[in-house]
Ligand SMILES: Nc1ncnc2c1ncn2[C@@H]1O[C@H](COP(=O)(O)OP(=O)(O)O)[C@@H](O)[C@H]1O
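In structure tokens, one chain follows: the form predicted alone.
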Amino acid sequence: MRVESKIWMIASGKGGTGKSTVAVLLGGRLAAQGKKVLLIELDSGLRSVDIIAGVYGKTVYDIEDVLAGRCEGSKAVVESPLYPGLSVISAPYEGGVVRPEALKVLVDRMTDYFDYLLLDTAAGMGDAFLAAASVSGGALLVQTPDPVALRDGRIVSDALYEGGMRQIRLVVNRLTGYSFRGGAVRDLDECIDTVGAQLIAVIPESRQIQQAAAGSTALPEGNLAFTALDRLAQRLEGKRVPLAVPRAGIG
């Protein structure tokens, strides 16, 4: 699988797919491979990355301060104590406007200091999504395996393709042993066909991820969720590693 971009937007058609959690944990696994990673949260008013990354209470400036010109980008960067090598710029608690031109200036500057930039967009296709799409080389669409999320994911995927983006990858998140029982969604192939994007990762529903999302501890090793995220990071690096798929999820 050929992957070229070092600037990825993390998007979803609807809320509740676990997009921000995947963004932080993916950033952590890329950092563990020796990469310097900056995660920029663009979901103004629905801030969560600071908690997941363990920097809650440590941030002074946010992305709105940077894009509005109230501070330099470097002053808003905070390194995660849970995932060394991962730094974040948080969204504001409320308000804020994502300015595409200012975001481009920030991204251009930060690519000199970081190997990867991950842009955590808001759900849907509002200003944050459009601004991220204008500066990203690729998109990771984080979707849960249910009809509504997959349908909305197709709308997002189509919009990105129409906008000229070609590196669009599907992350099926929160897969359980019951995801494909009952007939609403038959299997992973239906997920891929519905969204219309190449599958790059399958991440199971996990108590360890839920605990990591609370921000008090890093995602521990030795479980399928960790393996799935680690392999996602490796696949972004262009390595040929298999998916980590729960057997119950594909039967």
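Numbers for residues come from their place in the sequence shown, where the first is 1. Keep in mind that what you see is a predicted model, and the values were worked out from it rather than measured.
What comes next is about the form predicted together with the named molecule, which is not displayed.
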Practice problem: Sort through 200 to 208, 182 to 190, 66 to 74, 53 to 61 and report the only stretch with a non-hydrogen atom within 4.5 Å of the named molecule in the model of the complex. | Solution: 200 to 208
Self-check item: Contact flag, N173 vs the named molecule in the model of the complex, heavy atom cut 4.5 Å
Solution: yes
Quiz prompt | Partner proximity in the model of the complex: G238 to the named molecule, non-hydrogen atom cutoff 4.5 Å | solution = no
Quiz item: Taking heavy atoms and a 4.5 Å cut-off, does S48 contact the named molecule in the model of the complex?
Solution: yes
Exercise. Enumerate the residues of 6 to 20 that have a non-hydrogen atom within 4.5 Å of the named molecule in the model of the complex, in sequence order, or give none.
Key: G15, G16, T17, G18, K19, S20
